[in-house]
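Below you will find one chain, with nothing else, as structure tokens; this is the form predicted on its own, and questions on how it binds or moves follow later.
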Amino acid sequence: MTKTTTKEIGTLILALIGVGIVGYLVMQTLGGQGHAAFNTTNLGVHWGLPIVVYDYFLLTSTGLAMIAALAILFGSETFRPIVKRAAWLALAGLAGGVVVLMLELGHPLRALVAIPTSFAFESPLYWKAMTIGVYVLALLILIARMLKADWDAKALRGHAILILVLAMFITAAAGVVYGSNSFRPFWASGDIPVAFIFESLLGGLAFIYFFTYLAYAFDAEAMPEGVKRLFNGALPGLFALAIFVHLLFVLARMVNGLYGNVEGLQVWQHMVTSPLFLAEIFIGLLLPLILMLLAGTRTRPWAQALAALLVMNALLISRYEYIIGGQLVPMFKGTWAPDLLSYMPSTTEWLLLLLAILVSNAINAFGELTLRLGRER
């Protein structure tokens, strides 16, 4: 048994133990308190941290799938070493998000039947949910076709186009869910579906960097030559570009919010002084951008792994600020409502975030152990 295999088995066992412990605690709380275990209220904050976690993992999943599809279509042999891992990570991330969503809904088994049989054809949420089912099946088939070490990218191009279309549709539909809400101006914007696509691509790149290093215990010398060439060649530039584009979207929305006079945008006055928002901008985005632009750090393993970790956290903060911030201004004001509502995730909600991370890591570790994700020429 090799050192890498031992590490993968250990990671899988620890993740499964974590899933069992955290899952038990969550089920005990939800079984006794139901939705009261969440700190959402009827005053206006209806979607809390579980929805943030679900959207975060969903968009990361579609970003990974888009990267895998684009690598097959246009990457030739350069991006081959990361395609299989990106596709499997897409499934692992989606699983973590869906588990949290099902527990947030309160009746997971009922939801699995009620959603497809609701026939809510005018709802983007309905089409997003239905497309996710096809998306999962398409990813599983793609991974099965790549199990042979000598898989041919040309033979997979039709399949890659299908996955690219499905992933982009799911991401754009998630953007429409928020961007079309004209009654919440903080959310409403025609550019949100496009912003979500760039955000998901950035998340996918960060996950590829971090989990590739994790697979080799952060030992760059243990990586295959193909991965080293990619990480020292085209990928740092693409990562820097993705960070820059996402940062532009965030800053543009911030400026528009600070100088806008529409009811609901005043939450920006509060948000720009939030430690979370400042950490997202300066530590989670600007610092990784600098690390990926400077010639002295962009190809250093420690800098790439650190930048990926910081971006992963920045995107979670961004998702939190966007979803929660859009609900802090009460829609119907009266003596019962303050100027801004307040929200702080409960212990159960934080446990759901931990559960999503553990589920995703368990599935990823299983793939690393059984599917030879990094064994590409």
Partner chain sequence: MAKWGMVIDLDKCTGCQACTTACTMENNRLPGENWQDVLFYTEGTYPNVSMKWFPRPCMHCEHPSCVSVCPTKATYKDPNGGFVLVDWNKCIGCKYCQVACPYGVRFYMDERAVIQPDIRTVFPSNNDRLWDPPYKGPQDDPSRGIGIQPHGVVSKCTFCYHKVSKAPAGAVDLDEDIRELKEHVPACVRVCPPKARFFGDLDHPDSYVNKLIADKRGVRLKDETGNKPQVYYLSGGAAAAVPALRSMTDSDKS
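Positions refer to the first chain, counted from 1. Not measured: the values here are computed from a predicted model.
Another form exists, predicted in complex with the partner chain; not displayed. Remarks below refer to it.
Contact check for Gly10, Asp152 and Tyr216: none of the three has a heavy atom within 4.5 Å of the partner chain in the predicted complex. Contact with the partner chain in the predicted complex, defined as a heavy atom within 4.5 Å, holds for exactly one of Arg157, His270, Arg145, Lys228, namely His270. Proximity to the partner chain in the predicted complex, taken as a non-hydrogen atom within 4.5 angstroms, holds for one residue of Thr131, Asn256, Ser274, Asn181, which is Asn181. The stretch in contact with the partner chain in the predicted complex, judged by heavy atoms within 4.5 Å, is 261 to 269, chosen from 296 to 304, 217 to 225, 80 to 88, 261 to 269. The partner chain is not drawn, but in the predicted complex it has no heavy atom within 4.5 Å of Thr29. Contact annotation: Tyr54 falls outside 4.5 Å of the partner chain in the predicted complex, judged by heavy atom distances. None of the heavy atoms of Gly75 is located within 4.5 Å of the partner chain in the predicted complex. Shown alone here, Gly106 lies within 4.5 Å of the partner chain in the predicted complex, counting heavy atoms only. Residues are counted as partner-facing when one of their heavy atoms sits within 4.5 Å of the partner chain in the predicted complex; in 127 to 162 not one qualifies.
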